[in-house]
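Listed next as structure tokens is one chain, alone, in the form predicted on its own.
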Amino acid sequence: MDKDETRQETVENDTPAADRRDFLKAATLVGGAAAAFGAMGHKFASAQNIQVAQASTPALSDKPWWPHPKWGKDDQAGASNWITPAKVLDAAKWIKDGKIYRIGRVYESGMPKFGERAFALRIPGTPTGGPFGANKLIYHDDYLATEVGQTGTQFDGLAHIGIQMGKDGDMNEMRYYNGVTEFEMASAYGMKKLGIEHVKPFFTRGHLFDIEAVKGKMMEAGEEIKVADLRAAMQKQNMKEEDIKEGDAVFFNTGWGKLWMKNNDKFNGGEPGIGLEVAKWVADKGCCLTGADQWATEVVPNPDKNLAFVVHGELIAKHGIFNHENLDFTALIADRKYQFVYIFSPAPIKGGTGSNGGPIAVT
């Protein structure tokens, strides 16, 4: 492992642009979650005047979380295992009017991106080829250069997030879902375990919590959604907590998505979202997935400045619960559709850590 990957970053005004994955890597490798607030490509740490300090992550690294008590030591599908034929048939009962809502963002070069990530689409030639045959067929191809992760609507897989349990640099003690180690899975050509190809397609009930409406305004960066906020949203939206069953998906609207393509710097510079309290509530409910209208679903910065992306660790690494980021609930909220069927099939990229794609909600 390169020495640069294990050094602790400092927060300075001239911190070089980096990305969220670097942030997570640095935070876990040094054993202190606050090690890399300077890693945000838009200098989020400096902008928020965050004071960072060396610290442990007791909420995550205190004890092993494997093997999975329900799906066993060899499972690589995580909470997508909830999507059984019985679950699909039960979810389908919620479809009443057959209306489809796109809840994914349009992928384009001007969308918010982190660090030096790129999204470049090229059409070779105009047209690319032809004419062919007596029918004079012509065609276009496209070439896309981008990262899968953190460019547009992003689905986090199980190989995306792990937790360092032992000494710095010990890949045998860097643990992911079901206890899989960095040593077992690491490869420059796709992960050898926990690749996105193992995740089953989703067809399940979705529950949307419009926290922006509860607050009466767009939430602000660093503002945490609490369980009390979820219950206030359910009361306002005429939803019942007992409606949320094992294998369901839960989503949070904070209003942060209104900044998309309008103020990308602010959008990237932190966010409101859920914290550990709601993460534990989600895990207790046995949900399969969380999602939100911002880039991490969880609150950034965490109110505990010693913690970095602690919800990711709690849900993905410890419970195998997936995360869908940068979603758009505008049309659902306009139609007051807070419960629906969530449908998404991750792109089966062998060894991939996540997926782009077009999730939909059906009411």
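Each residue number is its position in the shown sequence, starting from 1. Bear in mind the structure is a predicted one, so any value in this text is a computation, not a measurement.
Missing here is the form predicted together with acetylphosphate; even so, the following discussion is about that form.
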| request: With acetylphosphate left out of view, choose which of F114, F209, W82, F202 has a non-hydrogen atom within 4.5 angstroms of it in the predicted complex. | output: F114
| note | Checked Q76, T181, Q164, Q150 for heavy atoms within 4.5 Å of acetylphosphate in the predicted complex; positive is Q150
| query | Though only this chain appears here, would Q154 touch acetylphosphate in the predicted complex if you measure heavy atom gaps against 4.5 Å? | reply | yes
| Taking the shortest heavy atom distance, is V310 within 4.5 Å of acetylphosphate in the predicted complex? | no
| said: Just checking whether F329 would be counted as a contact of acetylphosphate in the predicted complex - the rule being heavy atoms within 4.5 angstroms. | reply: no
| request: State yes or no: in the predicted complex, is some non-hydrogen atom of W295 no more than 4.5 angstroms from a non-hydrogen atom of acetylphosphate? | output: yes
| note | Counting only non-hydrogen atoms, the one stretch of 236 to 244, 90 to 98, 154 to 162, 285 to 293 within 4.5 angstroms of acetylphosphate in the predicted complex is 154 to 162
| query | Since the partner is left out here, which residues of 320 to 347 would have a heavy atom within 4.5 Å of acetylphosphate in the predicted complex? | reply | E325
